[in-house]
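The form predicted alone is given below as one chain in structure tokens.
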């Protein structure tokens, strides 16, 4: 499925993402002066929350809009523990840029709702009551739409409802925006959606928001497609799958006789380091083509044994998300977490070894283990295959399944650890990883390795499908828009 749109302010470009003809808006600082023009009628943008996305988006918006007369104000609930962090970032009550959540929402022309998914489910009715007639409600995730659907409800009439959804976590959105001061085009791609347009301005409002936070290119989706692909992706290759895969591979390599530090290097470090870098620069097929003939044979065996078991699991996850079951589980968990917060994973033995490995890391000596690459790539391609089978646009597929992983999340995992990411991402993502990572672990142990032990060679039909998959063409197009700079996370 591909989307088309019209803008009065921004120039759209027609691009070919694999089999899909799509339209994008290319970002960059040279078009920042267009942002205030596109936000005609907006005098105050209220950013509600201070989690992963809110600090990044609020600071980026404030910087882009400096001197325009459009004010960016943070809204927090009374007694919020984030108040001090917001003040440290320069948002203050005295300066009129920090206030109580509902008061800020009531006074704002555009309200960007960036509180946790569970909190959105709790407060949306009260929030809807205070929004100005004709206001614009902005979401960076379609979770609230999904929740409303499970309740048989909808957004109120008389307001615009738009989405701008960065394909990376908040710190990446901020860090690459900062790098963009010196490198044109540095940033995190975003999708945008228009759910309701009451004044004919919703599309330009969404595009202006995306450009303002530094998106190198912006592509269109729907809020429903976005929340399904996003929540599915978190439970898949972006977090849950990589979490389960590396813990499983680490144990496998230890069982095969490697010492624990080397096992960590050949599982975790290999994925977050050289494998991710190769995919980031050359796509999935570029990683494969860079392997030696001997390494390809090892990759082929791992990939062909892992693909179908992991695809079956990915299909189950997609069904759970699309049916609403996964959204309901997040709401239920939110109630449990009020009394018993999630424990920390980062202190388990494997991840303590990881801290020692990172402390002694020599980047050039990290091995690119072809078996690890085959298993990881099989999971990535399984996710791609499921999204394609459910008619997601290829722009969304490559961003949710590949670019967000290798250009946003994995670099932070490389810096601080996969377990650190699982402990510090959004509540919805943390819940998804903890729920589904063990399933990826079990799938490898119970379905993949027995198949490997039985087979005499790689399955050539599976490898043929891999080599000819249209995602490689779509990624080649996306790579044309990739900024020359890699994200710098060591701040």
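Worth saying up front: this structure is predicted, and the values here are computed from it rather than measured. Numbering follows the first chain given and starts at 1.
The protein also exists as the form predicted together with a further copy of the same chain; that form is not presented, and the subsequent description refers to it.
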141, 153 and 404 all contacting a further copy of the same chain in the model of the complex, non-hydrogen atom within 4.5 Å: no
How about residue 336 - does it come within 4.5 Å of a further copy of the same chain in the model of the complex, if we only consider non-hydrogen atoms? yes
Hey, in the model of the complex, is residue 29 touching a further copy of the same chain, heavy atoms inside 4.5 Å? no
Using heavy atoms and a 4.5 Å limit, would one call residue 441 a contact residue for a further copy of the same chain in the model of the complex? yes
is_contact(residue 454, a further copy of the same chain) in the model of the complex, heavy atom dist at most 4.5 Å: yes
Among the candidate residues 319, 116, 92, 80, which is the single one with a non-hydrogen atom no more than 4.5 Å from a further copy of the same chain in the model of the complex? 319
May I ask you to choose, among 41, 69, 33, 450, the residue with a heavy atom within 4.5 Å of a further copy of the same chain in the model of the complex? 450
Answer range among 368-376, 118-126, 326-334, 193-201 for contact with a further copy of the same chain, defined in the model of the complex as heavy atoms within 4.5 Å: 326-334
Residues of stretch 334-371 in contact with a further copy of the same chain in the model of the complex (4.5 Å, non-hydrogen atom): 336, 340, 343, 344, 345, 347, 348
